[in-house]
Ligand code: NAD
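Below you will find one chain, with nothing else, as structure tokens; this is the form predicted on its own, and questions on how it binds or moves follow later.
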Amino acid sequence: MTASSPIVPPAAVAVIGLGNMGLPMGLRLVKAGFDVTGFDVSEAARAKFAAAGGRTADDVAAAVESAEAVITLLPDGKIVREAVQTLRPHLKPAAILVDMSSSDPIGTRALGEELIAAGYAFVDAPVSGGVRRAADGTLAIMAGGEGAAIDRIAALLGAMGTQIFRTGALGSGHAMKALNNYVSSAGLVAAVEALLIGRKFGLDPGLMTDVLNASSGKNNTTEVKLKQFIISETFADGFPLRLMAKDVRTADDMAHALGIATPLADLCAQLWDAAARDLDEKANHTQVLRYLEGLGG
């Protein structure tokens, strides 16, 4: 396969990171007919992927050595860089790397420049939609990088998502993801604060949700999180609070680097950072309810 050949089934693909999103996204690629090898530093995560029908490798070198495309689904850009440094000596010459993590866009550009200079193609393609949409292959995907590189992985992206947005130059996908999560996080905090106010006043939380969803206050949280995970207190949508805090901070840092005044983003970043410090490391992001309840007043 040449550096310009499209990557289509049954091409070999490595998925590095088999967590909440990596596992279902890897299985979507298996279902689409790709020859997928998964790797995760967690033996339990590898076992879970294997039990669901995937194939795993015991080390990252074995996972990537035959791969035409290597997909990273890791907690942040620093871990992505560390993983790439480890796997890079084992890559095929025409391999393309696709970072589908929520990484810092400036770090993504720096890493991409290094890889491209070494002869590898690189695309940042973070996703939105959560675990449910990862499982059914309906994610929204924000792809940044050269058009020819994105063309090569069109079949890969199409196996995992139904809306593929070409956001621009390398790093733009990660920038868009951070900004999306900032907007989502602000809406979530507003909805939860309204819930706490209304509940104290005597309004029924379920009724409040119905009214919001029939009115101008409707947002992603009111539609798919309030009743499902927050009012029910299951807090089980699959996205960790610490990662939401990281993404909001990334968006706020972008604003400062660009000289844009963003007072609301500043406050949001501070709130989510504080919640991440206050709550358990494994807390779901919908558990920001607990942090807000704890503020009293």
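Note that the structure is a prediction, hence the values are computed from the model and not measured. One rule holds for the numbers: they count along the sequence shown, beginning at 1.
The form predicted together with this ligand exists for this protein as well; it is not shown, and the discussion that follows is about that form.
- Heavy atoms within 4.5 Å of this ligand in the model of the complex map, among the stretches 109-117, 75-83, 196-204, 183-191, onto 75-83 alone.
- Comment: this ligand is not present in this chain, but in the model of the complex one of I231, A50, A57, V41 has a heavy atom within 4.5 Å of it, namely V41.
- With the partner removed from view, the residue among L170, V127, L156, I71 that has a non-hydrogen atom within 4.5 Å of this ligand in the model of the complex turns out to be V127.
- Residue contact with this ligand in the model of the complex: M21 places a heavy atom within 4.5 Å of it.
- Put simply, G33 is far from this ligand in the model of the complex: not one heavy atom of it is within 4.5 Å.
- None of the heavy atoms of A255 is located within 4.5 Å of this ligand in the model of the complex.
- Within 4.5 Å of some heavy atom of this ligand in the model of the complex lies at least one heavy atom of V131.
- Contact residues in stretch 216-253 (any heavy atom within 4.5 Å of this ligand, taken in the model of the complex) are G238, F239, P240, R242, L243, K246, D247.
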